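We begin with a single chain expressed as structure tokens, specifically the form predicted alone.
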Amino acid sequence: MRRLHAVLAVLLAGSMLALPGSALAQERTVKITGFGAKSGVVRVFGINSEAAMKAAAEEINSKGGVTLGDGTKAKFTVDFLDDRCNAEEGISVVRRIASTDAFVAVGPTCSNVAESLFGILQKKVGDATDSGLQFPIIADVAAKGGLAKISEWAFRNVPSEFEMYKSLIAWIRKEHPDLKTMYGGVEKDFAHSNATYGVMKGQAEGAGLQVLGTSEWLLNDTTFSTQVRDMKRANADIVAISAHPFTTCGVLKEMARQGVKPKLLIGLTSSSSIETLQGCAKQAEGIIIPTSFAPVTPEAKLAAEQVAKFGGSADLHSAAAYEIMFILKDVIESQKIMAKPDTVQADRNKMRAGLAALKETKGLLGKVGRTADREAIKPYLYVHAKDGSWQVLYKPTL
């Protein structure tokens, strides 16, 4: 009996020794950390980004995962940290991520966070006089124009709102030549809303529309009677609201209460989301918004279904996070990233170089171009709220 036990022990030991080249190798994981707002008024964007990253990781893992530089197959896992849409918190979160074995991070939600955060990164790669953080970050949501140019370690997978609103205003002028005037409303304390309203206003004036005035409010405001009263007094043909879902709905409901009925409504990209429809579908009826996501391709439909499985909704922001996971997979494989504790800085350098070298990536609506200043050129379309859902109105670039 003792001899039998000894033989079995030898056989078991031998089988365990055979595992590292096969089964154990398949159990290796690579953690990708995202960060953004998961608390506060805009928390839904962080929730959606996390769901999208996890959905994409599951899709990648179901097809074999990612191949590391030594040929090992690994599975993605996703962690997501809350920066509360606060610049100081965002910097703290990224320093925390960079203190680990992570070789890249995905985020943030808010442009004010991205602007401050990118400022602590090394401005130019290889500059020995610059002690900035040498850690690659790719943004999925922060949409204020031109942020990636702050640092050569910063990248974005967000659409150009300048191009989208330039196209939309030109289309409106062509389709509705009778509309001559515009009035604006903006969340003045939110970087994205403020910057995008500047784009809206500039494009409107450049296209010959007369801008009659602007009402302002704060992201956390809940009453809008004074702002809408000024809007009503202006009696413009077009009202452009550069605000996120919560205050967009507040303004639209106040407009309905005061009987403000413009001939056409324009909204902020970030409000082309399920949250707007859940908050004020009736009042939002007809509002037109340009977006870089709608479930109009097989890939986009599948992504939307998968994101929903993880408790999120797919929109232009979370779709960008979903796409980023596939971008990271491709760069890891092309740059032969090792994802080991003793290769951390080398892997960060490889990730940065790989992202910088990209000329084109695959997007859910089609090919996405990459610019020299590390921004994305994404296909887009116009949607409008109709019968309680977002429906495609026009496809200028698909």
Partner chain sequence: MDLLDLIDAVQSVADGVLFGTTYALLGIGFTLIFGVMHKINLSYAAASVGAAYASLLVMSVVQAPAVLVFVAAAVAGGAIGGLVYLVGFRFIPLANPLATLMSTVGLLLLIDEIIVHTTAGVPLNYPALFSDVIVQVGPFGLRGDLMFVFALGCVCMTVLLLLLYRTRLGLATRAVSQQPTASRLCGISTTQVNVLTFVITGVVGGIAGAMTGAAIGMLSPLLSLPLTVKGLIVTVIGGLGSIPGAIIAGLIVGGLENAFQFFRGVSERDLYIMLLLFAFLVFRPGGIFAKSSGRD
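All values derive from a computational prediction rather than experimental measurement. Numbering follows the first chain given and starts at 1.
Only in words, not in the display: the form predicted together with the partner chain, which the text now covers.
*Asks:* Scan F310, F246, F162, W171 and let me know which has any heavy atom within 4.5 Å of the partner chain in the model of the complex.
*Replies:* Of F310, F246, F162, W171, the residue with a heavy atom within 4.5 Å of the partner chain in the model of the complex is F246.
*Asks:* Quick one: from G279, P295, G145, G198, grab the residue that has a heavy atom within 4.5 Å of the partner chain in the model of the complex.
*Replies:* When the partner chain is considered in the model of the complex, the option within 4.5 Å is G279.
*Asks:* Looking at 54-62, 356-364, 39-47, 326-334, which stretch has residues with any non-hydrogen atom within 4.5 Å of the partner chain in the model of the complex?
*Replies:* In short, 39-47.
*Asks:* Going by a heavy atom distance of 4.5 Å, is S116 a contact of the partner chain in the model of the complex?
*Replies:* No, S116 stays farther than 4.5 Å from the partner chain in the model of the complex.
*Asks:* May I ask you to check whether N112 falls inside a 4.5 Å heavy atom distance of the partner chain in the model of the complex?
*Replies:* Heavy-atom contact with the partner chain at 4.5 Å: absent for N112.
*Asks:* Using a 4.5 Å heavy atom cut-off, state whether R257 contacts the partner chain in the model of the complex.
*Replies:* Within the cut-off, so yes.
*Asks:* Going by a heavy atom distance of 4.5 Å, is G250 a contact of the partner chain in the model of the complex?
*Replies:* G250 belongs to the contact set for the partner chain.
*Asks:* Could you list which residues of 210-238 come within 4.5 Å of the partner chain in the model of the complex, counting heavy atoms only?
*Replies:* Stretch hits, in order: E216, W217, L218, L219, N220, D221, T222, T223, S225, T226, Q227, R229, R233.
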